[in-house]
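Read the single chain below, which is given as structure tokens and is the form predicted alone.
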Amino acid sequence: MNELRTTLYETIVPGGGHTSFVLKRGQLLRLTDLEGGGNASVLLFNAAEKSERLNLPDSLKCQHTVKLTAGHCLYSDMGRVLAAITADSCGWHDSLGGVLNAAEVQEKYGQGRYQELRNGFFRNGADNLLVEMGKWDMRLQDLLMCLNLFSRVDVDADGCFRFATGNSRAGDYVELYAPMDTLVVLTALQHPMDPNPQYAPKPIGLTWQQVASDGISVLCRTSRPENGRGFHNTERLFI
């Protein structure tokens, strides 16, 4: 369905960078892998009540999938839709891999201290997310499993995880529609299972758009009966 959109703002999160913001109800966020092989680790919260946050196990379970793509919803632990994936040129986004901490980054990539590298020092996903969460009065106990956009992890017959290289190409994008005010916390760092032995995070483009109606969410509302109920549960907040 074609929807009238107004672009509100655009920016780039540099490789290794992090940011956070409230995606307001009715807005659409497009994330773009600018160079290919990028990864954006994302957390979502109810902006009005941050104890309500992204629940990936429930998001996968209620939609009977581990392959998150267009038509799927990202649920809170209260059964509300924090964001809906309304468009996706990549086709698969990882909900299993999480992020690395400082010790794991050093073990994987070696020493990368600020003293020698200045702003090019090696960052890690756990600390980057915590820095942003601290701006919203959240702490370590609020750091839960994140969604890794643009990355794919397969599970083989033996239950082992396999990172799929080349999942995202330059220009691939994913769009998240917010049916409620949603706090987005993200960092642009390599996926923990990325086999590249060099620390080389890629930039991610962000574009905010206002859509004329919630018709853009029809695919997500109708892809599963559970999603229709999830949107209904969300809309009750605004009665």
Partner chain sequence: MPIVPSDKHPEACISRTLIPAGEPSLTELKAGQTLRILDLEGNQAVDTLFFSAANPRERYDVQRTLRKQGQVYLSAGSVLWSNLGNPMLSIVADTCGRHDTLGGACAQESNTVRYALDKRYMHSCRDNFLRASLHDGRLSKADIGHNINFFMNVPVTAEGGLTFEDGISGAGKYVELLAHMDVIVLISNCPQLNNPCNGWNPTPAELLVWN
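Positions refer to the first chain, counted from 1. Since we're looking at a predicted model, the values are computed, not measured.
The form predicted in complex with its partner chain exists for this protein as well; it is not shown, and the discussion that follows is about that form.
- Interface residue remark: residue 92 is counted as part of the site for its partner chain in the predicted complex, having a heavy atom within 4.5 Å.
- Residue contact check for residue 150: none of its heavy atoms lie within 4.5 Å of its partner chain in the predicted complex.
- Of the heavy atoms in residue 99, some are within 4.5 Å of its partner chain in the predicted complex.
- Contact annotation: residue 24 falls outside 4.5 Å of its partner chain in the predicted complex, judged by heavy atom distances.
- For the options 47, 206, 193, 211, the residue carrying a heavy atom within 4.5 angstroms of its partner chain in the predicted complex is 193.
- Think of it this way: in the predicted complex, its partner chain has a heavy atom of just one of 164, 117, 140, 131 within 4.5 Å, and the residue is 140.
- Using a 4.5 Å heavy atom cutoff, 56, 144 and 230 all lie near its partner chain in the predicted complex.
- Note that among 58 to 66, 28 to 36, 169 to 177, 182 to 190, the stretch whose heavy atoms approach its partner chain to within 4.5 Å in the predicted complex is 58 to 66.
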